[in-house]
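Taking the form predicted alone, here's one chain by itself in structure tokens.
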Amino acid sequence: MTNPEWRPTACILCECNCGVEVQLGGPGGRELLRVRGDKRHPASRGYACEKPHRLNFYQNGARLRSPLRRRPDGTFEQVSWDTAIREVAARLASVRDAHGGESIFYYGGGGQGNHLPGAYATATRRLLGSRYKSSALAQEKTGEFWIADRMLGAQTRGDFEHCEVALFLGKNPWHSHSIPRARVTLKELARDPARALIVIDPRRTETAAMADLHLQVKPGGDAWLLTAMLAIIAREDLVDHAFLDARARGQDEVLAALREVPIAEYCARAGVDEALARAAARRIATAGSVASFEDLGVQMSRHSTLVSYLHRLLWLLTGNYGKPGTQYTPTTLVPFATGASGHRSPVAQAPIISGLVPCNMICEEILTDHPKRYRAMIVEAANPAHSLADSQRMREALRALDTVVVIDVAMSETARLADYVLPAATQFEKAEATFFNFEFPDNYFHLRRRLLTPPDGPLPEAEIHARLCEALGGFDDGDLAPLRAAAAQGLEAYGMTFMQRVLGDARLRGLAAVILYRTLGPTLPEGLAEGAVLLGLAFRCAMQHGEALARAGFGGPPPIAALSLFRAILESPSGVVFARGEWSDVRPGTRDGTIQLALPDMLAELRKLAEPTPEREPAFPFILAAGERRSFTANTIVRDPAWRKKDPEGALRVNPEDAARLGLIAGGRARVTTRRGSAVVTVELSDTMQPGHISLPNGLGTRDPEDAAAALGGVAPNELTAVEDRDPFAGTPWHKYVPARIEALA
């Protein structure tokens, strides 16, 4: 018997979404039997880590099979799709009519590699008047987005494949990836004597162990270390003055502030030897090119927004922007991370950055007795009751809402608290894509074809939103008939009709996504219907990035370029290069076209570092890093702990010196307690942790839809975190800086 064919798709377990090929088999041909890297994929080029080999646990884990409605006694009953859609639309419309559409809050919009639902949800939200939303990005990246927008007018990434020096700040790409072919790139950096790898991290991670310089900062000490390194560069005049004079403003004010910094004192407060800090600063400042990446290790810790500012100063003052091997601005199909701020949430008046309400403020927006509080919530492909800070309070908030609707693959902790649960197809049972397109100079887009038809019951999110829009009266057959007729004549005729009848009609424009799905989707090749929304996105991209598209082969006026690009996306099962950048294109997108170095609020925050550090509470002598990435942790969409070959219970890592002092033993049990809660954990002794620092990975969440008590696969760290522990500027949580204590258990 011949082997099954290899079919292209992508991994969905981190933001890289590497192209992979799978062989299907098993009962009904629904098992993902074998997985390998796809050599035809434009970015990953055959690379794959260990994570995609566990994708079958996601595809064939516990699934929702039917829409569910909560009974008055709290249990669930199965209902038909017609009933579910009719009642969900009526419940949400009732909230809208009574309290305004802005009282309907939306959370989610797609997990890793599952981004098309967010595009289709815009139509449902438009009909409901839903204004406020959030997602996981708001507990990770919004501080960085805000700083990048103010300094550069754009988000940036690093060219690690060509840099002389690579700097990773609070990041372990050996496990978290986020750069193309992460492990290959790290090995190339480590073995090249002309290049250097610098890591700033409290733990001796796998990446830190490979580094030329590991600055093992104290937990939460990053702001002092970065300020000291910048002060070294300023005092030793290692600044790229020619670069700054040509492209930046505010350097004199910034350098004056840095020259006042007591370097030795700040290194001591950071817990890093001054000589090591000086060596790292000089290596960065004298390199021909530096690529840098900050991640959750600092973005979920103290001073996170300030650290994002200091991090950018480090590579901007040394001229590492806009040339090979440094930072660049990618051409993206969808500019989902703008960093723009200005609006505020209705109750707490929290800053809304990149359109996202801070996750740590959501409970306050619901539980405050305020006329503008959120009254209903749509949760899609997300699990805030498990993944956001202070799970106890999030559960309280969800129970306080008038209506909660969850759209998901499995019966998550959040789904258990919903009024209606709508079962979605998995990412391999529909066309799907990611908008994490950050490559340079060649950027790619990958529309993944459906591998399997959904079982009876679940529907793709595009279909769910189309039905909700129809039930809400957003459009009728009279609106769709001309578009269906045009689709039968070909893509050119459809594109012209779509621009005239949808984009040119204020009533229908906001419903473009589901109208594309209903009218163009049925004419697309088998398994690609959900990709119809990409036509509208291709039009927008062609208008915004015409030159970059033309260099990739999609030239001509925007309508022609957009249609050409859309066809190429449909015809490229392993992805297509849609934009080709040039280093000369990399320039600030600020109002005056210059880099803004002097941000007054950040300089004021920098000066506050000189104030005495509050004493740590004696009752909580440890700092817990919640959510550490390990070999077999990804995110909670893989809920079956059987996929974890190592560390199945998610052990608490403790330094051996601390363990000996407390009577902890390897494999023993201990209780970890924070101000918010406590949990019993298995202990792992690890000299990768410094004394006083402990870590837990993310538990996998609840996997058995028939048993509400079946929480398997490790501790849920957000039972231990608190919503008030957050950054004062962006509201991002301090998951990596949680005061805690440990007690040995018999």
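A residue's number is simply how far along the shown sequence it sits, counting from 1. This is a predicted model, so every value here is computed, not measured.
This protein has a second form, the form predicted together with a small molecule, left out of what is shown; the following refers to that one.
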Position in contact with the small molecule when the complex is considered in the predicted bound form, options His175, Arg125, Arg393, His311, heavy atoms within 4.5 Å: His175
Listed residue (Ser134, Thr205, Gln155, Ser103) with a non-hydrogen atom within 4.5 angstroms of the small molecule in the predicted bound form: Thr205
Which of 375-383, 341-349, 609-617, 472-480 lines the interface with the small molecule in the predicted bound form (heavy atom within 4.5 Å): 375-383
Check all three, Cys14, Ser301 and Ala626, heavy atom within 4.5 Å of the small molecule in the predicted bound form: yes
Contact test in the predicted bound form: Asp222 vs the small molecule, heavy atoms, 4.5 Å: yes
Contact flag, Lys736 vs the small molecule in the predicted bound form, heavy atom cut 4.5 Å: yes
Contact flag, Asn698 vs the small molecule in the predicted bound form, heavy atom cut 4.5 Å: yes
Exercise: Glu463 in contact with the small molecule in the predicted bound form, heavy atom 4.5 Å: no
